[in-house]
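Presented below, as structure tokens, is a lone chain in the form predicted alone.
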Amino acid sequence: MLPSAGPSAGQPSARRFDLAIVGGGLAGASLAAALSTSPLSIALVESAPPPVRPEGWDARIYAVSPANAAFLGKIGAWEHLAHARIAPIAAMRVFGDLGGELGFSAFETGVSELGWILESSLIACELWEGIKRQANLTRFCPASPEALEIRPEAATLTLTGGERLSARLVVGADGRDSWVRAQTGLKAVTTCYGEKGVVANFTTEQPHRGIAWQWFREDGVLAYLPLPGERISIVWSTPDEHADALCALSPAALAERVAQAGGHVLGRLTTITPATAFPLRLIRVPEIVQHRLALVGDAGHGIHPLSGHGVNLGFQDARILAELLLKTPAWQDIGAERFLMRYARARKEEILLMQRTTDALRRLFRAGTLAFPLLRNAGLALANRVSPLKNLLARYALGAL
């Protein structure tokens, strides 16, 4: 039984829950779904449900690692996805700007797929549909938090309509500009890259055969990611000015520019969705827990998209926190900082490794001196010939480090 937080004079009494999740995006919704069999009472606060699935193809896509496909399967989401809209990654080919090349395949790595490419909206809508039917969960949507008070015995969330929720644990799953994180004073060190990620979808003249391509170029990092059929999605991480110029191009000019940048490896491209762009930031949050509070997903970290592991880190946050809560006896205080430190310790190494690796790669391929291009391209060529190093990089691509 949750201890009462005790309403102040003139305030309505708070509805009591064991867990309150602020944010119903991929990390928050997957955490809620992973706790569907637990005895915990859960509140989920979200400003708006996922938008209706587009008739065509969503330009915002994710590369889901095998480990996270297994997690989505365990919580009952993966098997309900429209698999005709999911493309397996059979191989990856990475190119430097002076001829360096690295390639590996699922077969060489000993797995059936290196990962899967699927639309953001496809996962979001399926997770949301699943939690609608969840018996131990109450959705507050549309709703936004207005105030957060953390007391020794419980945390109290006040929503914009005046409703109050009391919980033993509040989880901030509300994205990079997390309101929860800001309210609790957890520091976020943000590095703005001065770059944007440009995303768009195209049809291809030649089949992609499940290959993901990536080019480290002077104007940024360009990735071709396979979609079902003869289609690809691109992510071009590039300086702000160049990103804005790409987004201003006509569909035909954009397709030609993207095809040219990729060496026409898939022949002529035709634009399916217009280019859109989002700013790129590295976000370090030294402490992701405190008394009565934990952060998951982008609220607790942000990395450069060149690795494609941002969403995978968020799913692993949800998986590990859920496993910890599922194993917890009823007498345990799930909001105690000492208890939550187990989650923080379990996530620290992977988050730091991915942040440092992606940031170092981004810096290496943005360095302007002649020595760096020679070094990095030689490094790609060497890694392609040395099996242990190549296998290590394959594991990094799989999100298995």
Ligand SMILES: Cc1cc2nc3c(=O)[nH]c(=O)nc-3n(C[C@H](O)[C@H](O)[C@H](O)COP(=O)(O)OP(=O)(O)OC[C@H]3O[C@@H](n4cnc5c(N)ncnc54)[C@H](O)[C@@H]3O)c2cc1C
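Predicted model, so just to flag it, every value in this text is computed and none were measured. The first residue of the shown sequence is 1; numbering continues from there. C-alpha atoms forming the largest set that superposes within 1.5 Å between two forms make up the rigid core.
Beyond the structure shown, there is the form predicted together with this ligand, which is absent from this document and is the topic of what follows.
K.L.:
Have a look at 275-283, 320-328, 74-82, 210-218 and name the one stretch with heavy atoms inside 4.5 Å of this ligand in the predicted complex.
P.N.:
Looking at the other structure, the answer is 275-283.
K.L.:
Since exactly one of Ala143, Leu293, Leu148, Leu254 fits, which has a heavy atom within 4.5 Å of this ligand in the predicted complex?
P.N.:
Of the listed residues, the single hit is Ala143.
K.L.:
May I ask you to choose, among Arg356, Arg342, Arg53, Arg60, the residue with a heavy atom within 4.5 Å of this ligand in the predicted complex?
P.N.:
Spelling it out, the residue with a heavy atom inside the cut-off is Arg60.
K.L.:
Within 4.5 Å, heavy atoms only: does Ala173 come near this ligand in the predicted complex?
P.N.:
Judged by the heavy-atom cut-off of 4.5 Å, Ala173 is in contact with this ligand in the predicted complex.
K.L.:
Is there a heavy atom of Asp298 no more than 4.5 Å from a heavy atom of this ligand in the predicted complex?
P.N.:
Yes, Asp298 is a contact residue.
K.L.:
Looking in the predicted complex, any heavy atom of Glu46 within 4.5 Å of this ligand?
P.N.:
Residue-level check for Glu46: yes, a contact with this ligand.
K.L.:
Considering non-hydrogen atoms and a 4.5 Å limit, does this ligand approach Leu31 in the predicted complex?
P.N.:
Heavy-atom contact with this ligand at 4.5 Å: absent for Leu31.
K.L.:
Which residues, if any, of 312-343 lie within 4.5 Å of this ligand in the predicted complex when only heavy atoms count?
P.N.:
Only a single residue, Asn312, comes within 4.5 Å of the partner.
K.L.:
Aligning on the rigid core, do we see the C-alpha of Pro66 shift 2 angstroms or more between this form and the one not shown?
P.N.:
After core superposition, the displacement of the Pro66 C-alpha between this form and the one not shown stays below 2 Å, so no.
K.L.:
Inspect the rigid-core superposition and answer whether the C-alpha of Pro51 shifts by 2 angstroms or more between this form and the one not shown.
P.N.:
The answer is yes, as the C-alpha of Pro51 shifts between this form and the one not shown by 2 Å or more after core alignment.
K.L.:
Any idea whether Leu35 and Pro51 get closer or farther by CA distance in the predicted complex, knowing it moves 3 angstroms or more?
P.N.:
Note: Cα gap between Leu35 and Pro51 shrinks in the predicted complex.
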